[in-house]
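Before any questions on how it binds or moves, here is one chain, the form predicted on its own, in structure tokens.
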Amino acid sequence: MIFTIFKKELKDTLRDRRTLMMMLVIPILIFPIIMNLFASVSKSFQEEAANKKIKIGIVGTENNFLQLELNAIPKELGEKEIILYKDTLSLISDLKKDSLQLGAYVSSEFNQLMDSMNPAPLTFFFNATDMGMQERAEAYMAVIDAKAKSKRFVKLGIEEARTQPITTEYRNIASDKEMIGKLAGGILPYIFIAFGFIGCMYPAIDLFTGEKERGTIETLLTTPVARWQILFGKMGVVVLSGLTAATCALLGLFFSIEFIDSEGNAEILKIVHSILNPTFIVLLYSLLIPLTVFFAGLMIPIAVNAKSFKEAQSIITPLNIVMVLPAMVGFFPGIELNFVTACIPVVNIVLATKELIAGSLDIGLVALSFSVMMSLAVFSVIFSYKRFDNETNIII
């Protein structure tokens, strides 16, 4: 009987275009669109910042050291035009007007300090809102500084290798899989939580509040079916919708990584393919199913109590923020899955998923996280049944 109700409600849900959009279309398309836009815009800004001709203002004498060295730098590091200024006030004023992109102050003692082989001060001015200008200045100075050091070593008769007493090498023993799990693993549970919640929301409202508005729930309640069977049938559709939306979002993310700049992402794709194995998928869904049941158990009592679709939506939508905020813990470095965090709902799923991706999962902590979420899921189902069994909540 539960399965019969499940099939009936699933057919009704699949006829709703709004639910299909939120459950299938948007989750699949959103990540390819976002990543395409981000990649193209980021690349455009980087190319523009690296290649555009910039004006550099220098406060100093004619043919000063910096001016001569900048003119000697090849155009591969970007075209430039040098403009001399008498004071820093006018230089800073032009920087604020965007008449200049970079400014520099060369003190009157600069050449004297260089000749005496002492450190010579050089100050650069830039507007941080003008992307790439600090990087351009650092690239120029890397060339100028290396050239000046080489000349000084020759003048002093010193071998450059002798000035470096220690050669240090740093080796990372963490695998690429562990690095991705620790650094970027927070995005995956965040996707599941956000889209899992959204996927549950519209079917929950439609199957309970929507039926109350349409007046069809009374007909369903007159059938010789136990109230809990009706609830379980409807809740099954809500949970399936949430899992489907989360899965589609994951597929959208995978496709965007797979097809956007696949040559540049070859190494990442190799790691992603190694992560997405049957064991990983089974463990992941074992954590996500009780989480989605918990979401459904939170929404159904609200949908049962609400008098209209609009009222239910206005209450459940802010709840999404409350559920998603703990998922942001996954983006913070240094927070690990331990006995305390394994007992915190939603946070435990986020951290356990990160550990799962990194391949450093503690089965005991995963079992604790699963037990906590299962307990909450059971509690939410019981609470939903109590509200659904209350006749005053069902009939408008």
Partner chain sequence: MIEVSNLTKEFELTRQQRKELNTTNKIALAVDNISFKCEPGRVFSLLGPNGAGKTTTLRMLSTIFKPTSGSIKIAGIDAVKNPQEARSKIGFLTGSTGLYARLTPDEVIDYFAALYSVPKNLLEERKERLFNLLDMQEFRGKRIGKLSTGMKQKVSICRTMIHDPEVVVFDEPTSGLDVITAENIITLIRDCKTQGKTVIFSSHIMSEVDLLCDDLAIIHKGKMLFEGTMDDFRSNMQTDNLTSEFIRIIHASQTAAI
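Residue numbers count along the first chain shown, from 1. In this text, all values refer to a predicted model and were calculated from it rather than measured experimentally.
A second form of this protein, the form predicted in complex with the partner chain, is not displayed here; the remarks below concern that form.
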Query raised in the report: Of P119, P165, P224, P278, which residue is found within 4.5 angstroms of the partner chain in the predicted bound form when only non-hydrogen atoms are counted?
Result: P224
Report task. Just give me the single entry in L77, I187, L220, M114 that has a non-hydrogen atom within 4.5 angstroms of the partner chain in the predicted bound form. Result -> L220
Requested in this report: Choose from 155-163, 124-132, 208-216, 191-199 the stretch whose residues reach within 4.5 Å of the partner chain in the predicted bound form, heavy atoms counted.
Outcome: 208-216
Report task. Give a yes/no on whether R15 approaches the partner chain to within 4.5 Å in the predicted bound form, heavy atoms considered. Result -> yes
Query - Proximity of K11 to the partner chain in the predicted bound form, heavy atoms at 4.5 Å - result: yes
Query raised in the report: Does Q229 reach the partner chain in the predicted bound form, with heavy atoms at most 4.5 Å apart?
Result: yes
